[in-house]
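Next up, structure tokens for two forms of one chain, structure 1 and then structure 2.
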Structure 1
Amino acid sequence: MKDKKMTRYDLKMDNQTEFYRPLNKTLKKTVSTFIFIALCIFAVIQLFPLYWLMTFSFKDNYEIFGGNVIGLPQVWRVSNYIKALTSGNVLVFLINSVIVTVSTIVITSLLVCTSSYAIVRMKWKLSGVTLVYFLVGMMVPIHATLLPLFMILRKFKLLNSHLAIIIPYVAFALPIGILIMTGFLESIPKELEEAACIDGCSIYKVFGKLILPLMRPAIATISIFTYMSSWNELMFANTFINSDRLKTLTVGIFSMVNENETEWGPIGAGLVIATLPTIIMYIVFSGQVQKSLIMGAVKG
């Protein structure tokens, strides 16, 4: 039995005429271990600042500044979080961010679904031109629109309201959303609508009852995209809103830091609160998030 195995092994060796194979194998193993370690080091580099943020959000200045710089907090000061949420206004900012982001996602999805459907499926002369027109918008940098938008919003007395940023967020989310959705709609067979048509549905019913539910995967992708851009956006939010009651998390925390630089703990807590929803979303949908962003990159 044992002999048989030996011969087979020898035969294999012979076939490939690789006398140095064992050496090659150890070399390969060393290299791959080395690579693995390098990857681990890189992972630590990517994570360590975030770990540090998490720990100092529970510490007081004494620990952060030297007492216990990188260890876990000696005392977990939840009071930092309470302080950030109440006197630091982070709770208000958080609510504002949720209002703005949810509204943006809902409105964007609705507009993207209806307009993409009309562009891809319905019969009208200018549908192709309209699509191209929307897609041109992907090349427009927000900087170029900042001042004119400021003037427009001022004219309509919309500055300093949630709408002042929801409206631009939606408008700038439309092109990429329409790109993703029209691509997705092409893949839905037309027969479905034809069958529904025979049943005598109205176009609104076909859209609402039949197409909209089918669009769900694409809506998920678009929502992730829209979430990332509106939750994290700074320039518009910083320019169009200056009342503390209305600020979103990004701007709110930014101004909070400028006003009160002395205590790091509560600021760290504010930063963690601003990041936590994103991290949770990422953990739950990590595959989907990565896919969405790749899609945006490749198509954009």
Structure 2
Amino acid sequence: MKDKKMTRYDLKMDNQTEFYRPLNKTLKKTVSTFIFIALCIFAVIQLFPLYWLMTFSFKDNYEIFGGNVIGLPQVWRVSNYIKALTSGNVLVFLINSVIVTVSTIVITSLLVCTSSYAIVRMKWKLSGVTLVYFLVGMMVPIHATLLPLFMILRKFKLLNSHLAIIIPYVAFALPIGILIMTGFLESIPKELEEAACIDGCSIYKVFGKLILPLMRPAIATISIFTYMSSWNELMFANTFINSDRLKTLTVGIFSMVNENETEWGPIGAGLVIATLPTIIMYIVFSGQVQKSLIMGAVKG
């Protein structure tokens, strides 16, 4: 009798499941459609500034400040890019930005890798204190260091040189870089290094041939953060460099604005030139960044 009751109950539940199944499918389809529409709207909002910047760079002042602010240019003025690269010296500014940014990324990556490995893997009394010392640098406001840095650089006669901004860029990139790298190194099993040491590898071979290749995702993440902070920086570059031949893109494009009359089309072209390397770099290294964040979050 009990089995018959259970059977009837099961049949009743099956009938209810069959009744609600079309409703569940409809609900899931509705939710998926709503999410898809919301993501499309979000994508359009995010991509609209890039669209506006691209169209802005091909217009003249009349179209920019007239009735064709958002629409496509009536005449595609490629001459704006020619003016930006020649009379606007954007090509010189671009080369200076590349020199400063690449130097900052290389120096920062080298210092972060070596110092993080020493802090995490080597056993010494002040390793924890050293890590805290580096991380405290994240709490120092950049604007508060402007005057002391200016006085130090002037004393060492480093103003109006690439080193005048490379050194501060590296200093402010180290804390976040060490934070990312130490978390990443803790996810790498120590048994790999122990096995390499048993095989006769020195600490330099262990670091160079074993650990450093495994650091590539974290290095890519640090490189992107360092690139963004140094490529787009304006305050230090505007304060420590006055020479036109040494200005970076941010300062150079800012100096293209005149007091009396300004051609905004070439300025937009310069902004496009400054933005493209950022987009390309993120597309190339986005996969490495995701891998670094996942491996840094899961330990053991």
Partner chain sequence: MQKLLGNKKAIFLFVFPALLLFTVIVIVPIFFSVYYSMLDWDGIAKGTFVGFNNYIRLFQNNTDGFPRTVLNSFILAILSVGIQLPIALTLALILAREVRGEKIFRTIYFIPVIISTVVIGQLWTRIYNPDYGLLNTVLRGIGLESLAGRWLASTEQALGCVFVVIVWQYIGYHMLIMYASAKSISSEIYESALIDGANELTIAMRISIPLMKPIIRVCVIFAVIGSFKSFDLIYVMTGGGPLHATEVPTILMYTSIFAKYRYGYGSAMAIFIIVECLVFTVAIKKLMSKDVME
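So that the term is clear: the rigid core is the largest set of C-alpha atoms that superpose within 1.5 Å between two forms. The structure displayed is predicted, hence computed values, not measured ones. Here, a residue number simply tells you its place in the sequence of structure 1, counted from 1.
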Since only one of the two is the form predicted together with the partner chain, can you say which one?
-> 1
2 Å or more on the CA of residue 75 between the two structures, with the rigid core superposed, yes or no?
-> yes
If we fit on the core, is the Cα of residue 234 displaced 2 Å or more between the two structures?
-> no
When you overlay the rigid core, is the Cα of residue 32 off by 2 Å or more between the two structures?
-> yes
Once both forms share the same rigid core frame, by what distance in Å has the CA of residue 63 shifted between the two structures?
-> 3.8
Supposing the core is put in the same place in both forms, how far has the CA of residue 43 shifted between the two structures, in Å?
-> 5.2
